[in-house]
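What follows is one chain in structure tokens, specifically the form predicted on its own.
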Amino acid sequence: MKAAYYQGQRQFRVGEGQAVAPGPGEVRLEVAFCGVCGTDVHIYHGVMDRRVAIPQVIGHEAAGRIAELGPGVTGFQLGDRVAVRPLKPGEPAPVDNGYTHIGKNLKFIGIDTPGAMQASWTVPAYTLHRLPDSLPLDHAALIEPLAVACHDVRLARVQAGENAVVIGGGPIGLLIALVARELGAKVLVSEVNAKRLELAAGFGLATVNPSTENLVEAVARFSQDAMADVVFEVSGTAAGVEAMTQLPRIRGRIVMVAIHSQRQPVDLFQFFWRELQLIGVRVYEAEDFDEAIRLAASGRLPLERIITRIAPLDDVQQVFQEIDENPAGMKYLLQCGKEPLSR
């Protein structure tokens, strides 16, 4: 079997992997497709070398089939098609407040432990979500990022008829926009990349380029001067943080989706003046995976158009280089096994 090993220094090596027999409560998968996440790109850039054990197989946006069941595993059968919720909560701690999906002892499978960029992957059975036969496995590799979007929209308490503004039209931003629209929200996507704006507009979403238009005025026109009920900051930029407090209406919500590794100045006066709420969101819970699978299987989301490229595992180095060179790209998938493409 093949596996792609992150070597450090922006290098991957494709070599022989080891099929790990599942222990109690574990399942071995034949990985069909693995998506490349923004976190994987951060790993590639060397930002997380202190956390990742080099050389290591990374990747966590995976779909595949069950090849082997470990002792004590029930509820699954060989050949079941599944997506993986790649969280290992660890022992609960009092500070967790019961939310172990982001708890003190959380380990992220595919970052802290070996991941899915390989033909065979052994994971805890509790991480698996069964997929309907109607959902192609290449589309199912988007379940993990789609679950992120479902979690973000759920915690934002988006309601039908509300005005939602998404700052940042990358893969997660567009998925958030699509999920919010499924709930009946009116959605405006703010993005500076012309190709990504074109893609969003092709999905029927309202768009604005804040580098060429006044974003506050655009939101006012879009909302008939009501402004935004909810603003999602997904850009990860200082400009996005500056804009997010200017767009909500009174008692509007701001949802912090992006990871800001550097401290950003925030206009706290606006929280006082308009009684705004700031909501932090991170990863997902089991119900978000269930909702993501339901939406993906419904056929209402244009998942195939979010996939920029599907490449064989042997091309992993080229794929990461292309991601760096193509800022308009959306979601790249690695074909880890012999599962055929849906297109």
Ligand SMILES: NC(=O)c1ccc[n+]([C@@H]2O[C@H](COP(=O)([O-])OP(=O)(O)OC[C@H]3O[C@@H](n4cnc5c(N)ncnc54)[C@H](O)[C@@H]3O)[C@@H](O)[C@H]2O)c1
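In this text, all values refer to a predicted model and were calculated from it rather than measured experimentally. One-based numbering along the sequence shown.
There is also a form predicted together with this ligand; it is not shown, and the following applies to it.
Visitor: Given a 4.5 Å cut-off on heavy atoms, tell me which of 154-162, 91-99, 185-193, 70-78 is the interface stretch with this ligand in the model of the complex.
Guide: Of the options, only 185-193 has residues within 4.5 Å of the partner.
Visitor: Tell me, out of Ile306, Val52, Val283, Leu295, which residue has a non-hydrogen atom within 4.5 angstroms of this ligand in the model of the complex.
Guide: Of the candidates Ile306, Val52, Val283, Leu295, Val283 is the one lying within 4.5 Å of this ligand in the model of the complex.
Visitor: Would you kindly say which of Pro114, Gly252, Gly103, Pro210 lies with a heavy atom within 4.5 Å of this ligand in the model of the complex?
Guide: Spelling it out, the residue with a heavy atom inside the cut-off is Pro210.
Visitor: Taking Val148, Thr237 and Gly240 as a possible spot, do all three reach this ligand in the model of the complex with a heavy atom inside 4.5 Å?
Guide: Yes: Val148, Thr237 and Gly240 each sit within 4.5 Å of this ligand in the model of the complex.
Visitor: Determine whether any heavy atom of Gly110 comes within 4.5 Å of a heavy atom of this ligand in the model of the complex, and answer yes or no.
Guide: Output for Gly110 is no: heavy atoms all beyond 4.5 Å of this ligand.
Visitor: Taking any heavy atom pair closer than or equal to 4.5 Å as contact, tell me whether Ile172 reaches this ligand in the model of the complex.
Guide: Answer yes; at least one heavy atom of Ile172 falls within 4.5 Å of this ligand in the model of the complex.
Visitor: Look up in the model of the complex whether Leu247 has a non-hydrogen atom within 4.5 angstroms of this ligand, and give yes or no.
Guide: Because no heavy atom of Leu247 falls inside 4.5 Å of this ligand in the model of the complex, the answer is no.
Visitor: Might Ala119 be said to contact this ligand in the model of the complex, defining contact as any heavy atom within 4.5 Å?
Guide: Ala119: no, not in contact with this ligand in the model of the complex.
Visitor: Going by this ligand in the model of the complex, which residues of 240-268 come within 4.5 Å of it through any heavy atom?
Guide: In sequence order, Gly240, Val257, Ala258, Ile259 come within 4.5 Å of the partner.
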